[in-house]
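One chain comes next, on its own, written out as structure tokens in the form predicted alone.
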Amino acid sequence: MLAQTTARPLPPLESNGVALDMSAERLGWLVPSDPSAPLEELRSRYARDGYLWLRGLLDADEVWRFRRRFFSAMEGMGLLAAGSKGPDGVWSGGEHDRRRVGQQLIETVRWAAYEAFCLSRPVTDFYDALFDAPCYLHKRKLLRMGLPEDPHCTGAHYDLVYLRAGTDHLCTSWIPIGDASVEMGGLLYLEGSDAFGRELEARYARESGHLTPEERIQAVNATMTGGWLTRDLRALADRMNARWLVADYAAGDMVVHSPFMIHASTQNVDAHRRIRLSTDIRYQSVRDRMDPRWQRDWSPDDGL
């Protein structure tokens, strides 16, 4: 097993304007796993913890090459600082052409190179083994940028809220495209929350029997803020008497989490003003029921 991330001083962390409790009772470190560990050991840890942080699963050079290509496509839109080249992805700090940037994101999720990145051999080999069946990559794949100083962060949620029309035997892969230190606001996980997510989903199933199948898929989204449990990460940790787990992610890492595991993001406060770039994508056995809404490329108006 890889050693746990060494504790180090952290800056104050915020999410959607709410400061996290930085005490040891409410903030801890994600524990990495060695991708070469025996499969049954990885399955056991995943079942227990609701996540696997697979350090160095991917070829780091391939990750950096994709980051370079992504930011090269964004040049000339005001997003990048003067002199920011290749994979740096340093934010300009000013206004940018949001329409062009948005259009480029729509195009990028359709790149064959992005599809190939998501289907790299280490990823598909891992999931074929985990599912004991050929894996399937959902067509709806998301690329996300975390701009420095942007107070808007992903609120606390679990993914099955958005995937109820298919199997719940699926996994999310979150892949940092480049290094993503805690300061850059990568994903953080609420410790032990896989069980809580399952309880919430079971309660919803009991209480939604009077709804049509279409309403059962969408009802929680209509009553939450974009499917989120809350924007207040501090209050949720207090309510659950649990810690948020953070990590210094590196190019080549992949985190796998269950559809019930509660996660969120924090504000990017990187001193070098680098843009956090990541992708979150979903895999399942090809033999299980698939959510048809996820069999189309992502677009801002797809309703999910």
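One-based numbering along the sequence shown. Since we're looking at a predicted model, the values are computed, not measured.
Not on display, but discussed next: the form predicted together with a small molecule.
- Look at 244 to 252, 47 to 55, 274 to 282, 28 to 36: in the predicted bound form, residues with non-hydrogen atoms within 4.5 angstroms of the small molecule sit in 274 to 282.
- Contact annotation: residue 179 falls outside 4.5 Å of the small molecule in the predicted bound form, judged by heavy atom distances.
- Contact annotation for residue 265: at least one heavy atom lies within 4.5 Å of the small molecule in the predicted bound form.
- In the predicted bound form, the small molecule sits within 4.5 Å of a heavy atom belonging to residue 257.
- Although the partner is absent from this view, residue 144 contacts the small molecule in the predicted bound form, with a non-hydrogen atom inside 4.5 angstroms.
- In terms of contact with the small molecule in the predicted bound form, the residue from 91, 126, 71, 174 that brings a heavy atom within 4.5 Å is 174.
- This chain is drawn without the small molecule; in the predicted bound form, the residue among 154, 230, 120, 167 with a heavy atom within 4.5 Å of it is 154.
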